[in-house]
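First, one chain by itself: the form predicted alone, in structure tokens.
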Amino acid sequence: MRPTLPPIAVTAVDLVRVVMPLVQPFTTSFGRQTERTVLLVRVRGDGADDTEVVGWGECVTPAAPVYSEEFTDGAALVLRDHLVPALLRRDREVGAEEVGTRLRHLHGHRMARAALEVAVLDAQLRAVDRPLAEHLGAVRDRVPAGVSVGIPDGGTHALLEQGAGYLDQGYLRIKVKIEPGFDVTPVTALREAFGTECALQVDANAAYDAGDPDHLAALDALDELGLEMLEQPFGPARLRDHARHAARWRTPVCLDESIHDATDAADAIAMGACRIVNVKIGRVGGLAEAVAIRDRCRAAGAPVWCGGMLETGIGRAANVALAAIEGFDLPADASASDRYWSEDLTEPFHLLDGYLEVPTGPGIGREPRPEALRDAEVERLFG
């Protein structure tokens, strides 16, 4: 059981929008990104000794509602007009657990809720000088790092070059984004180039139709390549399709977009729709629900791992702390900062022998560097 933390007296909540150019385009079946508009939540408050503390959270919404129904402008609006006022309406003495209880009457918007929960928890932990990883019960001081490779402009040749570069850097697992027309040929080329010792998985981001024979033929061919897992081949609501085909594939099916809470995870595993669950803090509404999903999956004998959403160092710090707890034994989508950013908002994360070190500072262990925040900030939305 995690230790109880004293609440903080919230004095202000700020929403800060920043724009971060990616070091190279990142393309999935959802589309192409050359930059990320990041919504940061900053909570200011007074701890038990009236010392001011500041906590940070990162809202991982994309700019458009392509991954799910959530998007950055919508998240900013719901935080400003609904979530923050509801959290503070009765009492400004707040702990992270209140983000769940006080907002229970409001539906959806898990990514916005998660950013607010993490920011409050970060402030609470800073007030008592305790690291997030310690609070969550971390069992390791570094986490195995995987890398997510988008669909490159140069096709298979470019994918092979990128894969070789990431393996040379020391990444322990390569995840390839796929879509119909970019799947069997490039992934087969990777397997042939790097052999079976390369931990290789694919992520379809729900791009395949279980009723399309050509789509199924491609997925069947991928099943012959000795992959670590096949992530989210069909749409989020298509659990029966996942279950039907997972039963005949050797490759474990992992679900991402289909899983929003611990009940979703338990139901999907029970019906055979997946054998592995990708846990994303934003997608499931915060750290408390992420840990609950871990608990349900462990009880069912299903591995979990921590996915990523192109986070800056703020979101990445929370991910790495989560990935350090018991049960998160597969490589996370927790790449080094230079995988995405020429300059991160925070002190960067570095890859060391295939691992990222877990932050040991108070709270999430990272905060924006003032000059980086100043250069990237485009708008103060609230507070």
Ligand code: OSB
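All residue numbers refer to positions in the sequence shown, first residue = 1. Just so you know, these numbers come straight off a predicted model, no measurement behind them.
Beyond what is shown, the protein has a form predicted together with ligand OSB; the following relates to that form.
Taking a 4.5 Å heavy atom cutoff to ligand OSB in the predicted complex, the contact residue among H109, H245, K175, R294 is K175. Listed residues P152, P131, G308, G313 were compared with ligand OSB in the predicted complex; G308 is the one with a heavy atom within 4.5 Å. Although the partner is absent here, Y355 sits far enough away that none of its heavy atoms falls within 4.5 Å of ligand OSB in the predicted complex.
Proximity of S148 to ligand OSB in the predicted complex falls within the 4.5 Å heavy atom cutoff. Though the partner is left out of this view, Q162 does not reach within 4.5 Å of ligand OSB in the predicted complex, counting heavy atoms only. Ligand OSB in the predicted complex comes within 4.5 Å of no heavy atom belonging to D122. Annotated contact segment (heavy atom within 4.5 Å of ligand OSB in the predicted complex): 22-30, selected among 37-45, 22-30, 346-354, 321-329. Interface residues of 41-77, taken as those with a heavy atom within 4.5 Å of ligand OSB in the predicted complex (partner not displayed), are limited to Y67.
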